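For reference, the chain that follows is the form predicted on its own, supplied as structure tokens.
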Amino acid sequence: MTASAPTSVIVIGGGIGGFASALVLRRLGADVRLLEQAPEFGEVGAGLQMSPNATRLLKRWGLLDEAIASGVAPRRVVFRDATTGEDILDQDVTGEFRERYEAPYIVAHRADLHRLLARTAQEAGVRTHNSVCVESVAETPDGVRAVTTDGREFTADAVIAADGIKSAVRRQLFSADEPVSSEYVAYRGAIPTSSAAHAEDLDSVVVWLGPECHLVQYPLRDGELFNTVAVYRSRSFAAGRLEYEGADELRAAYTDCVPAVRDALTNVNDSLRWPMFDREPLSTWNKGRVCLVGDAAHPMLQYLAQGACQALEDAGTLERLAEEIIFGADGDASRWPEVFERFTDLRQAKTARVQTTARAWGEAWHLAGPIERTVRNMLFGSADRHGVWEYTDWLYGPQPADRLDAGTTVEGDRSGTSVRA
């Protein structure tokens, strides 16, 4: 399809969500420019879990095979008690799981997924600009103007702000709220499997749950790399100190864990830590021709492994709405406010639920008391015996944007959601 009149879009931010949004809109026919403040494109971090709600989109965009080829499709997701070593939940993510959600569960290196999206977007014709820091955006009589810190101006019919948890656009137009400290920090490492300590269960994602700590392990790049993430409640971070204070605190946090967990800490880079933040859910992400996506709209803690997945869902929903409203037979480039309003209606309630559920999930993972941990383990075991669909369908199952394929208008429901404007 082509728009009845040419349309142009500025995407602010060159992360996974920014490139995914830029790609789908460019493929529809939009003139897309992506502005990134860093001098080069790249993603920090190591492993990334991609659940079926995200891999269905990669499949739709023709990118799934390459994502799997550069990653791993695990057979199981296993939760273990880090103080006893016992399995408390073992979920097969092949077979019935894959059939139910019509896509696989995969793990990949974050840099590999980012590289795939960036390359595909640029090949599709997305124009990219590095070393561009957007300071403000403002509507004009016929579009939007983005002004940079060095005085440059970029104009378009619409702006999509994918500028992360510290989004300047969010602060300017939507909310002056600050990121919320979780008091937890993460240490990561992706090293050759041959040199990794306790590089076992190479067909699985393994999550060890300990008192005020957890450890995640899984293979990457067809098993060549082994990914380890150590997350714990940092006393120094809780006291407001963000700077690195040495590895002693990291190792002390896992004192009560089994040797396999303590030894696996040698897999992580203990010279660099990531303090973990989220934000309270916003009630709206759109204002006229400007809209937030990804972490700019709904930053979340990592306990549901949904940060990148929800950014891809944002892109998929924008794709369907723009295809109908901007590029359809009756569409035109002046209707971006309608696209963004419907986008927020469709997406806000789910992402708010992911944000709040991720917080609760983290609390359950990190229970410190032995009685509380025993009850948690029993609940996990019950889900393992009786099936997990009631816990996963809302997250991995068909989304409103999927149902737009049938030409159905689906309105979101923000009722009952804890939000702060």
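Throughout, we count residues from 1 along the sequence that is shown. These numbers were taken from a predicted model, which means no experiment stands behind them.
We do not show the form predicted together with a small molecule, though everything after this point is about it.
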Go through 286, 128, 302, 120 and name the one with a heavy atom inside 4.5 Å of the small molecule in the predicted bound form. 302
Counting non-hydrogen atoms within 4.5 angstroms of the small molecule in the predicted bound form, say which of 30, 48, 57, 354 makes the cut. 48
Can you tell me if residue 295 lies within 4.5 angstroms of the small molecule in the predicted bound form, counting non-hydrogen atoms only? yes
Look up in the predicted bound form whether residue 163 has a non-hydrogen atom within 4.5 angstroms of the small molecule, and give yes or no. yes
Taking any heavy atom pair closer than or equal to 4.5 Å as contact, tell me whether residue 133 reaches the small molecule in the predicted bound form. yes
Check residue 276 for me: does it contact the small molecule in the predicted bound form (non-hydrogen atoms, 4.5 angstroms)? yes
Hey, with the small molecule in the predicted bound form, do 15, 37 and 188 all fall inside the 4.5 Å heavy atom range? yes
Listed range touching the small molecule, judged in the predicted bound form by heavy atoms within 4.5 Å, from 251-259, 95-103, 67-75, 163-171: 163-171
